[in-house]
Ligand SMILES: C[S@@+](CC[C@H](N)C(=O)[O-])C[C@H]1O[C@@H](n2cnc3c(N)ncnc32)[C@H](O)[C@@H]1O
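Presented as structure tokens, the chain that follows is alone, the form predicted alone.
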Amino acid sequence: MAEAEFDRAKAKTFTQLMVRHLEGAAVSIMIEVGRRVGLFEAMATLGAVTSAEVAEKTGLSERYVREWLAAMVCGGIVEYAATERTYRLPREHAAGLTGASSRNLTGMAEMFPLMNRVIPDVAEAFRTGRGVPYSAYQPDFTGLMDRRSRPRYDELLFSAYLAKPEGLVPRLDAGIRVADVGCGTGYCIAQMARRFPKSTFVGYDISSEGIREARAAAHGLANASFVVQDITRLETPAPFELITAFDAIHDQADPAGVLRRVCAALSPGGTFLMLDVWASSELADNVGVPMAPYLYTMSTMHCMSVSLAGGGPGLGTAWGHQVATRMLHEAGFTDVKLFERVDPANSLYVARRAEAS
């Protein structure tokens, strides 16, 4: 069969695409540098200023500031007036680069240095298939995820996530037993314990460092406790009426086992609230979806690799609602409801254990 003629137009289009990808990667590096040294926060309070004025405001080297500003101008983030040689961060751009709300996207760029650190380990995992252990990402990963997630929980934990299951908030007000699996530093547990003093809360996580931070943060909350625990071996003296998992299932070494233990630890009619990444299980459905390349990259560099390192299936970040729903049913839940995109990145699964017969 004759070789197809080389399509020069197609090659040119692809080259242009590659250039855009490389530009984006370069800008991401500069975004992370700017975040670390406070340049976005400083410029958000200024109008049109020179590089010297930015340097004076921040106490940074003018030469470095000027070169960083050049990258930001060429990346379309900062505006430049050539005649006056002044730089300006528009309010509309600052809204996505500063502050403690979930609109601040710089936390996503914060992931790249950590992921770059484990490139040699992940490259070796490509050859062996054995994955990269969770310990390789510590001590940075737990704190990084905590910083990224808190604004979202501050805004949506009560108004969106806990509000979806009908009647759940009144039950929490009245007092029920609640567990959070994969609780990390326990931020959600502490928030719920303060909001619902009549309910009792237990946070479980395999990270002893995360549990140590959780106990310190929840100091003084008599209705909150934390346990270092592999959830696949979870045993509880009394069942829970609610168990939550916030972005904690897809990277487990034994996600099916975790879901079975969660179901078994619930009282009859109890509720499992699972927040996880919005995606389809079918690659074709995710093509063209904003941030889909980011999801698959984070999956390769962390979520899938950590699961494989523990002998797990490596579901990956984009395991998707089809697989998630099927696994919940297989774990023993009889009623599974999916609320898609309860925030821009996540869907909410509300699963119930069957009532006693």
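From 1 onward, residues are counted along the sequence shown. No experiment lies behind these values; they were computed from the predicted model shown.
Here the subject shifts to the form predicted in complex with this ligand, a form of this protein not shown in this document.
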item: Residue contact check: Ile206 to this ligand in the predicted bound form, 4.5 Å heavy atom; value: yes
item: Partner proximity in the predicted bound form: Ala248 to this ligand, non-hydrogen atom cutoff 4.5 Å; value: yes
item: Close approach of Ser199 to this ligand in the predicted bound form, 4.5 Å, heavy atom; value: no
item: Contact label in the predicted bound form: Tyr134 to this ligand, heavy atom within 4.5 Å; value: yes
item: The single option of Asn223, Thr271, Ser149, Thr98 touching this ligand in the predicted bound form, heavy atom within 4.5 Å; value: Ser149
item: Sole residue of Cys183, Met192, Val178, Leu259 within 4.5 Å of this ligand in the predicted bound form, by heavy atom; value: Cys183
item: Interface segment, criterion being heavy atoms within 4.5 Å of this ligand in the predicted bound form, picked from 230 to 238, 279 to 287, 113 to 121, 260 to 268; value: 230 to 238
item: Non-hydrogen atom within 4.5 Å of this ligand in the predicted bound form for each of Tyr294, Ser305 and Ala345; value: no
item: Contact set, 134 to 153 vs this ligand in the predicted bound form - heavy atom within 4.5 angstroms; value: Tyr134, Phe141, Met145, Ser149, Tyr153
